[in-house]
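To begin, one chain is listed below as structure tokens, in the form predicted alone.
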């Protein structure tokens, strides 16, 4: 008798629990694959947000930032995204022109970016300077400037990312345009014999470099910190270039079509919280956009400090991206 009552009560509790779980709202967040992947900060961000939102956070991934923008363009107002994490400053104007994003309404005072930030649509969540990473046990004298890398006929072999699909790939294209301007096509032609390949995304390029397929890879000044912290390896370095380094700022935004706008807005507030920001240095291996209460990992203190920040505005990128990509295609396809 009592056993049956207990069983009935347990069944009721289980049913209630399932019903509760089923009624939790779901926040769908689009991002790029490495952010939500095994080694990215996505798992930590999901756990920490779900701990305070009484909801479920569901990641939906595209391969890279360029692919993410392409997916949003294709889906238009039918997109299932409530929020997006992983666009960057170079794609901000194009993303805004899709007319899919709502004002974030978040106070962005106290950001620790190397440039001023004011935007009502996108929130920066991390940043870093682009840099070529090399193995110092194999390359004793890396180039000290972009021009030295490009113009030395016997310089190191490099692996790059496709600027049409990859955020660092587009960043390097803009870096070349900043330094060479109208001479960028000749610079690409000079560099082309030592480009091993253009990969679709960052992960594939970095993997090829680690396998020894190239002497240097396009990455970030903070990338060596991963090897020091996780692998206890000190030979990976970022090459400091005299002309300065191109800045990469990653962004989050909420959509106009969010099923639960209040939940999406809560997530946007969460992006600049310590719970999110503290997951960036050792999750995404980038600098947090708002300095975490916790100190940065020791290895970050050895990151090179560029002498000059190179950057196009989002509108400049939008106006010129097609022409820059066409110039790159023409120069590298010959």
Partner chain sequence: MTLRPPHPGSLVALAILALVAGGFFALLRAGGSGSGIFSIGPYLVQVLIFSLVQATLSTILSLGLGTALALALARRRFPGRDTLLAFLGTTMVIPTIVAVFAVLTVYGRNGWAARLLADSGAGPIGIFGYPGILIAHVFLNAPFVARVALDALDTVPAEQWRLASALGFTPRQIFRHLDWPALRTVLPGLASLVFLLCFKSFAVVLALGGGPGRATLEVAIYEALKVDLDFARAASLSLVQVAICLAVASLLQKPLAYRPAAATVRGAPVRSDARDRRLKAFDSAVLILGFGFIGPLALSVLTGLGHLGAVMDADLFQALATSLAIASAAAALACCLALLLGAAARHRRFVLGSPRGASLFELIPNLLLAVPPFALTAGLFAIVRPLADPALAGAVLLPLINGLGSLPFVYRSVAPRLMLAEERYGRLSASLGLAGASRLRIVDWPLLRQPLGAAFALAMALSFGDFGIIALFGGPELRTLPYLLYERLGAYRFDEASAIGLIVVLVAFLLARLSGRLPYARD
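Residue numbers count along the first chain shown, from 1. Quick caveat: nothing in here was measured; it's all calculated off a predicted structure. Basically, rigid core = biggest C-alpha set you can superpose within 1.5 Å across the two forms.
There is another form of this protein, the form predicted together with its partner chain, and it is not shown here; the text below is about that form.
Mapping the unseen interface onto this chain, residue 285 counts among the residues with a heavy atom inside 4.5 Å of its partner chain in the predicted complex.
The closest non-hydrogen atom of residue 270 lies beyond 4.5 Å of its partner chain in the predicted complex.
Taking the partner from elsewhere, residue 232 is found to have every heavy atom lying beyond 4.5 Å of its partner chain in the predicted complex. For residue 289, no non-hydrogen atom is located within 4.5 Å of its partner chain in the predicted complex, even though that partner is not displayed. Note on the partner interface in the predicted complex: the residue among 256, 73, 152, 186 having a heavy atom within 4.5 angstroms of its partner chain is 73. Note on contacts: among 275, 55, 62, 296, the single residue with a heavy atom within 4.5 Å of its partner chain in the predicted complex is 62. Contact with its partner chain in the predicted complex holds for none of 115, 300 and 311, as no heavy atom of theirs lies within 4.5 Å. Contact annotation: its partner chain lies within 4.5 Å of heavy atoms from the stretch 223-231 in the predicted complex, the single such stretch among 223-231, 141-149, 242-250, 122-130.
Along 179-201, a non-hydrogen atom within 4.5 Å of its partner chain in the predicted complex is carried by 192, 195, 196, 197, 198, 199, 200, in order along the sequence. After superposition on the rigid core, the Cα atom of residue 128 is displaced by less than 2 Å between the shown form and the other one. Core-superposed comparison between the shown form and the other one: the CA of residue 255 stays below a 2 Å shift.
Once the rigid core is used as the reference frame, the Cα position of residue 205 differs between the shown form and the other one by 2 Å or more.
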